[in-house]
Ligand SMILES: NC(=O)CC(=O)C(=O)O
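Below, in structure tokens: the form predicted on its own, a single chain.
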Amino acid sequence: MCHTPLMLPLKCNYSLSSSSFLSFQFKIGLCQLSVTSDKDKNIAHARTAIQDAAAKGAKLILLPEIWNSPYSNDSFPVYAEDIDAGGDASPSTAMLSELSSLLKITIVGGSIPERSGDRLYNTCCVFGTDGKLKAKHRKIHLFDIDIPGKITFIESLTLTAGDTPTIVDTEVGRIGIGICYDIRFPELAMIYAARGAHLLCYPGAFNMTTGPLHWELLQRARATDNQLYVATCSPARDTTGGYVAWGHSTLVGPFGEVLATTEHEETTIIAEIDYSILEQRRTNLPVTKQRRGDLYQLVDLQRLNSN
């Protein structure tokens, strides 16, 4: 394994566990869910969608950002769960844990509002086929924007930013996790790629202003820059809600090609991921080897500090 903290250029991209997946194929399910103000209904609805996707052969299932709650600063404190306590304190993640074990699937559980002490986070949980929590990603880049006449949303009024990139080894490969606004920051994706990710998963809820402009563009950019798969999952659009999501959950391949996508209605996408394509694309277009480390480098501070 490469241990250097400087991520560009890298002499080695993969650990042995990462390389062993390079001939691996599986189906992914992207569950674009309608979200209501009824938390119990949202949980039951997600349960059904996961079961249906698994029945269609999906071994990895991705849920949307904030799927158990309306997307609003007023709602986050009300719907927040204590994920670390589990059980009745976190019925959303208890359901994900139960189904991942029962169905023998990996679930990237979108995101939910998390309460930890006196702080709230926008948090994604990853569960393995044994039902155990493999990783927890707290949204690093909070959605604080103001586009006059279009949209203003300040997540930091209620939420605290996470401070740790999250990459996790699963039964379906090495996955880097981001949440929505995290996709705008190429440095995070580059760190994941340098740590050997095969796939980046971004549950997200882009809006009707930035969605048409940037949602697909950013996914294709992150996939193309790093020559890996990118999967996104949005809530379905609800024009009666306070926050209207763009939808268009998507799977993008390592050449930036859109492999599967949808419109804004509730649906589940089932698509094929083939990791052997990663090696092929990186051989055809060896940008990692061609980066000018004498001119620019990206420092992975987490690895630097750990060393």
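Everything quoted here is computed from the prediction, not taken from an experiment. Residue indices: 1-based, along the sequence shown.
Form predicted in complex with this ligand: not shown, discussed below.
*Asks:* Looking at the partner-bound form in the model of the complex, is N207 within 4.5 Å of this ligand by any heavy atom?
*Replies:* N207: yes, in contact with this ligand in the model of the complex.
*Asks:* Please check if Y71 has a heavy atom lying within 4.5 Å of any heavy atom of this ligand in the model of the complex.
*Replies:* Within the cut-off, so yes.
*Asks:* Might F143 be said to contact this ligand in the model of the complex, defining contact as any heavy atom within 4.5 Å?
*Replies:* Result yes; F143 sits at the interface with this ligand in the model of the complex.
*Asks:* Taking 4.5 angstroms as the cut-off for heavy atoms, does K139 touch this ligand in the model of the complex?
*Replies:* Yes, K139 lies within 4.5 Å of this ligand in the model of the complex.
*Asks:* Among the candidate stretches 177 to 185, 228 to 236, 96 to 104, 112 to 120, which one is within 4.5 Å of this ligand in the model of the complex when only heavy atoms are counted?
*Replies:* Contact-bearing stretch, as computed: 177 to 185.
*Asks:* Since the partner is left out here, which residues of 52 to 70 would have a heavy atom within 4.5 Å of this ligand in the model of the complex?
*Replies:* Contacting residue: only E65.
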